[in-house]
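Heads up, the chain below is alone and in the form predicted on its own; it's given as structure tokens.
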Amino acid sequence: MNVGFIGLGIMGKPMAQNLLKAGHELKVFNRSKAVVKEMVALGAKEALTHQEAAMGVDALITMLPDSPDVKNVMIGENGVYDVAKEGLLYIDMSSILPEVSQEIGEKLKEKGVDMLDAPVSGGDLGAIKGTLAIMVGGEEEAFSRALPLFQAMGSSYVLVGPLGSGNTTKLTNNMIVAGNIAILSEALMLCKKSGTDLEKVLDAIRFGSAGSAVLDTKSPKILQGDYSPGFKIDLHMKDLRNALQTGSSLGIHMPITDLALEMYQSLHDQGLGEKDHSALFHIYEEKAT
């Protein structure tokens, strides 16, 4: 397929690279031009604007930080909406509010553009390896059209329901991940303070009921004190805020999510917002000293 791709960050860049490896033609746009040059060297074409990225392509993918960014690029002033042609498939792989996905999708329908919200899980390693879990909301026909792209970027791709369902699923995913990292950090500090060998503890529990993708991918970062970002604290905070906002609109009380956000806010306030979310362990280290 001929694909436009907007947003070449920690996740977007390797996702775009995997599309190239799978044989798709790619036209890319990103505010930082250094990464665009890298992609051009690999065979992509450069789009000078986000509108240009949407011109003459079969599908357009966005991988952007938050709801306002996606909304601005797609239906804001000088947005893609102004140049979109009937038949374009639009896939937003950002993590945003479900209601914003629905708003954008309804607007794009006026131009005959089909939209899927398809946020991902798996972090930078999953993006690099092409093993992302892709959670999709939208119509079955649009999902079928998108499958060759999803197959290049992920190992799991599930159509959950109508537009907005993908982001509801992603909020669910990141609520669980936040809680999992918090209890993992707390438990490892218990072992550390008791003098128990952390690596042996992890080997002992990895294949039991406590085993998880979070344990496998985040415990090595905690043990090494390596908090280089795979998924930044600030981005996880955004997802937790979106989850709380969505829950509030539904009349749901979510105290664990609220507490996890409070803990990440503490790290952000210490200037650690750009670190990996596994840096939550730092809170327990501070309290243990």
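Residues carry their position along the shown sequence, with the first being 1. What we label the rigid core is the largest C-alpha set whose atoms superpose within 1.5 Å from one form to the other. All values derive from a computational prediction rather than experimental measurement.
Heads up, the form predicted together with another copy of the chain isn't pictured, but that's what we're talking about next.
For the three residues N2, V70 and G87, a heavy atom within 4.5 Å of another copy of the chain turns up in the predicted complex in no case. Contact annotation: V214 falls within 4.5 Å of another copy of the chain in the predicted complex, judged by heavy atom distances. Under a 4.5 angstroms non-hydrogen atom cutoff, another copy of the chain in the predicted complex has A187 among its neighbouring residues. M63 falls outside the set of residues with a heavy atom inside 4.5 Å of another copy of the chain in the predicted complex. Another copy of the chain is not drawn, but in the predicted complex it has a heavy atom within 4.5 Å of T257. Partner proximity in the predicted complex, defined as non-hydrogen atoms within 4.5 angstroms of another copy of the chain, places exactly one of 87-95, 107-115, 198-206, 145-153 at the interface: 198-206. Put simply, of A243, L261, A44, I233 only one has a heavy atom within 4.5 Å of another copy of the chain in the predicted complex, and it is A243. Residues V177, G179, N180, A182, I183, L184, E186, A187, M189, L190, C191, K193, S194, T196, D197 of 177-198 are found to place at least one heavy atom within 4.5 Å of another copy of the chain in the predicted complex. L280 is among the residues whose C-alpha shifts by 2 Å or more between this form and the one not shown once the rigid core is aligned. Taking 2 Å as the criterion, F29 does not count as shifted between this form and the one not shown: its C-alpha moves by less than this amount when the rigid core is aligned. Relative to the superposed core, G112 undergoes a C-alpha shift smaller than 2 Å between this form and the one not shown.
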